[in-house]
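Encoded as structure tokens, the following chain is the form predicted on its own, with no partner shown.
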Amino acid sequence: MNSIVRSTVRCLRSRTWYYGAVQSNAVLNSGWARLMCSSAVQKNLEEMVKRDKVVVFMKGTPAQPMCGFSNAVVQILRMHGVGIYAAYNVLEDQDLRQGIKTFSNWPTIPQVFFNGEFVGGCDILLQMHQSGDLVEELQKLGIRSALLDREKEA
């Protein structure tokens, strides 16, 4: 019974409602509830990554990153003048932290999404920045990189 309650609380914390507990022989099937919660969390994550042009799942917040890799992603986006993006602090919710890893099939945090598509983590964003590919990808999103303006000034 406690596992059903914990599963329900996790889903409610992630703002996901579900009904999936099945009673058979006076025993609640917690596996079914977890499956329903997992499915609902994955659907919620899909909506989260599609809601904004740029979405970052990170440790901490853009104002106060809690790890060097998350800080690097914030700094790269800042250098390019990307000031408006959705950022989700995975340290506040373990289900979100594990759920995004499952959703993207990528084991580490931070994770960056452009228009609902998984881009990668810190290392990939850094490579894109260094190669100039990030400028092109941002243009596809309708975001003009601030680095283009700096190049003209120099």
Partner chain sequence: MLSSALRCLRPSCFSLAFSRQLLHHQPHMEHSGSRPVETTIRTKLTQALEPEHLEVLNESHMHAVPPGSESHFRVLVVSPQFESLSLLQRHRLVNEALKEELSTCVHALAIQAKTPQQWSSNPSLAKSPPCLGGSKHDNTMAEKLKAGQD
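Note that this is a predicted model, so its numbers are computed, not measured. Positions refer to the first chain, counted from 1.
Only in words, not in the display: the form predicted in complex with the partner chain, which the text now covers.
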field: in the predicted bound form, D123 touching the partner chain (heavy atom, 4.5 Å)
entry: yes
- prompt: Taking 4.5 angstroms as the cut-off for heavy atoms, does S39 touch the partner chain in the predicted bound form?
  reply: no
- prompt: Is there a heavy atom of F118 lying 4.5 Å or less from a heavy atom of the partner chain in the predicted bound form?
  reply: yes
field: Exercise: G99 in contact with the partner chain in the predicted bound form, heavy atom 4.5 Å
entry: no
query: Out of 52-71, which residues reach within 4.5 Å of the partner chain in the predicted bound form, heavy atoms considered?
result: K59, P65, M66, C67, G68, F69, N71
